[in-house]
Each structure stands twice: as structure tokens, then as C-alpha cells.
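For reference, the chain that follows is the form predicted alone, supplied as C-alpha cells.
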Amino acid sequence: MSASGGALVAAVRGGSVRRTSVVVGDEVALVGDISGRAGSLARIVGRAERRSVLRRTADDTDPVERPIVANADRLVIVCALADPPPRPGLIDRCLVAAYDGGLEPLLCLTKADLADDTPLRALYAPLGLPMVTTRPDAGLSGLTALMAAHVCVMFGHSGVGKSTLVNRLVPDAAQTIGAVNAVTGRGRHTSSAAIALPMPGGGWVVDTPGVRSFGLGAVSTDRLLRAFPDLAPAAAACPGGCTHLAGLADCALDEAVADGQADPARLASLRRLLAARSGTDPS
């Protein structure tokens, strides 16, 4: 972590926060040697209240939430338009995690040199979601403008180009990660933990290569529905206690799709998440 003077400081939890969760982005109080000199070690003795928290469960049936990043402003969801093909279901999981944790989601579509971004943009346009499309042979001014002066968490499945984006946004990212790993002295590969990197133009990028997906076991139905504002009006018309799962005669979501007021693909995604969370759909 960085002290107020900008030095990289190694610290361990102590005192009353010894059993308190501390993650990347947390604002903490330090005592001891905060010089950042080789061999120095400070103690974390306090953690400020979190303004936002990106969290997940181990799987969709696990009720225990695990924080990943604290106090971030935006979750940048990186999705390739091809190679690998887009995964709207994973995007929807990320949206749930973002809205539930108090982060603003940003959809970043990569590899526009391989496929058209129009279908995916159209799918998420009703949400009013900020979107930016990138290609390897063009600059990143659109993306940097949306990330500037913010703390942004980058999430992307394997092969979508997230690491390439991080390296383009922070040219010395590899050297910084290596230096932090040397300071911790734990011998763990740096790809297993989140790390915050300062962007040259201001703001921070939090790289989370160890996160593969977001388990939603602790997210209630009402909280999950916040990621589907396009379906919310129809869901509000459902009878009390409606689970919104497939096969229910009185679920107003089916009527909304039949009347053309809701996208069937969005309803299918919502129901997959609800079924997985309830343990009725292992996929």
C-alpha cells in the first residue's frame, strides 16, 4: 500500500483489526515504520467505512460473501466481440455484482476488428449502460476518458484482452506488479491477487486476474433484479412472492415478453441466474 507521501509501505494487520478483512482499496490507519525502506514493516490499526465493495461468493449456493475490492467507483466489464465469443450471462453476473456493491458498471467491448459490436450494444442499450468499443489498432481515448480520476476495477474472462488493456493503460504495469510482489515476499504468483495500479493521467486501475466469476449465493432476488432495470416494471406486476422462475403461470415477465415489452434473451439470463442461485440449475 502507499502512504500519504507516495512510498510503498508493507504492513500487517494488528490490534483490534487483526481479524478484520482488509482488501485492495481499503483506507486504513497505519502505525510504526511507514518510510517504505527495505525491511520496514508497519501495522494496520484501523479501517475506514467502505463506500463500495465488490464481493462474491464461492458459488451460487454459498451464502458467505467475500470482499474483493473496496471503495472502487467503477467495474469495467471487459468482453470480447469474438475469439472468445461474447458471454452475456457473465456480463449480467458482473452487472449484479456492480449494482449490488455500489459500483457503476462500464462495458468495454474488445476486438472490434473481428466482429461488429452492434448486436451486443443493442442488447444493453435499454439499461443506459456506459459502453466503449476498442480495437488493437486504435487508441484508448474513449476508455481512458471514462476511467480518468476514478478507481476502476477491471474484470474480464480469459482471452478477452483484459491484460492487454491494463498494459496499454499502465505501460509500466508489469514492473509495478513485480515490485509489489517483491515487497510482500510471499512467493505467490502475482496473478493470484488483486493489485491497484496508478494510471498516468490520473485514477487507478485495479487488476483482478484471480477472479473468474461472481457467485451470487448471498444476493437476494430483489437485489439481483437491480441489474435488470429493463425487466423491473414487469416484475413489479407479478403477484407477491413470485420467484420469477420459468413455468409459473402468473409471472408477469412472460406476458411482457409475449407483448414485446421485454427482451426474451434478458429474461432467459435473469432466470438462469435465479435458478443457479437457488441451486436448481447447476450450470
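Don't overthink the numbering: it's just position in the shown sequence, from 1. Everything numeric here is computed off the predicted structure, so don't read it as measured data.
Form predicted in complex with a small molecule: not shown, discussed below.
Using a 4.5 angstroms limit between non-hydrogen atoms, Gly161 touches the small molecule in the model of the complex.
Mapping the unseen interface onto this chain, Asp113 counts among the residues with a heavy atom inside 4.5 Å of the small molecule in the model of the complex. Shown alone here, Pro136 lies within 4.5 Å of the small molecule in the model of the complex, counting heavy atoms only.
Within this chain, His150 is remote from the site of the small molecule in the model of the complex, having no heavy atom within 4.5 Å.
Of the stretches 119 to 127, 99 to 107, 193 to 201, 161 to 169, only 161 to 169 has residues with a heavy atom within 4.5 Å of the small molecule in the model of the complex.
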